[in-house]
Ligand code: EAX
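So this first bit is one chain, no partners, the form predicted on its own, shown in structure tokens.
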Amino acid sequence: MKALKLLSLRGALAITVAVLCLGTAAASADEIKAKFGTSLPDSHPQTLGARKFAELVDKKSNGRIKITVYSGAQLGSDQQMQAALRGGTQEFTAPSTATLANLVKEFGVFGLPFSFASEKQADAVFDGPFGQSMLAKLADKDLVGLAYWENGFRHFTNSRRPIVKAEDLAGLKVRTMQNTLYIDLFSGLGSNAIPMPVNELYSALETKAVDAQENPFTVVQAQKFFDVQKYLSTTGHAYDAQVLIASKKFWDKLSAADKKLIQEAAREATLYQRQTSRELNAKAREELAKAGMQINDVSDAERQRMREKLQPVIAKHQAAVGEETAKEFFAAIAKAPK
């Protein structure tokens, strides 16, 4: 009798162990690992947003979905990472709308110079029907648009002189993003536009291969451009948004529940990322001045003169993105609070 009970106990124990092992194997099989690449350093709001997103996804999935963040262009430039997402070898990134315009031309509308008056106005446009309709266009390029993040208003730095009036830009060698609108923008103001990835820019400024660049305060600080640039002029010529995107090949393999939790994490991370960007941009301006940069505020009248000089460029790129797209974009801006 005792032998029978012992045998039964052993059998029950064996079944329990087998069930636990199967459960562990099933849980392990259900684990999801993903890579999120950024082009900017750990201290920049782009990467801070990526880490918050990864943290939220981990929490909401009870540790089942793990996103590893690779900052500072470890996985390549914006364009290289977009290609990796399309090919299914990388899962997430957050490029500028300007580089996405090389894939979906309509995204070029967001870079039209002097379009936005404030961050609040930009939020309303990006989060509203127009911005969301633009995200939907990414599906045809094997990408899934999740949210718009902020890089901020772009300002001009250079190693030669303050930019007080439009004519001060003439003849300067300016690094631009790899985007035809930005190339035409600075060419239209008399500069020599030189496109290159941001991760190659510091050495180009240091060796004087280029005189100048344009970026939000946070990028100037995070990339330590203050070491090789003396003048910072607040041209605010464009508002730069970044787009949190996922690989469609990755996305299509997810369950409906996992898609939902990732979308929820994206919304929460967006609020954090934008707030962080605005706080750090304000702080970065002060710290850049302390680091020795000479900062001058460009007058509204002079910014308007720059916009007038750029009318041919604006007209050209409105036509390039499509007049209907441009019309809807400016209608969305008109409805948004300034």
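Since this is a predicted model, take the numbers as computed values, not measurements. Start at 1 and count along the sequence shown; that's the residue number.
Keep in mind the form predicted in complex with the ligand is missing from the figure; the text below concerns it.
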property	result
Contact segment among 148 to 156, 258 to 266, 202 to 210, 163 to 171, judged by heavy atoms lying within 4.5 Å of the ligand in the predicted bound form	148 to 156
Single option in Q221, Q229, S233, S96 placed near the ligand in the predicted bound form, where near means a heavy atom within 4.5 Å	S96
The ligand contact in the predicted bound form: Q46, any heavy atom under 4.5 Å	yes
Partner contact for H237 in the predicted bound form: the ligand, 4.5 angstroms, heavy atom	no
Contact flag, M177 vs the ligand in the predicted bound form, heavy atom cut 4.5 Å	yes
Exercise: A284 in contact with the ligand in the predicted bound form, heavy atom 4.5 Å	no
Members of 36 to 53 lying within 4.5 angstroms of the ligand, judged by heavy atom, in the predicted bound form	S39, L40, Q46
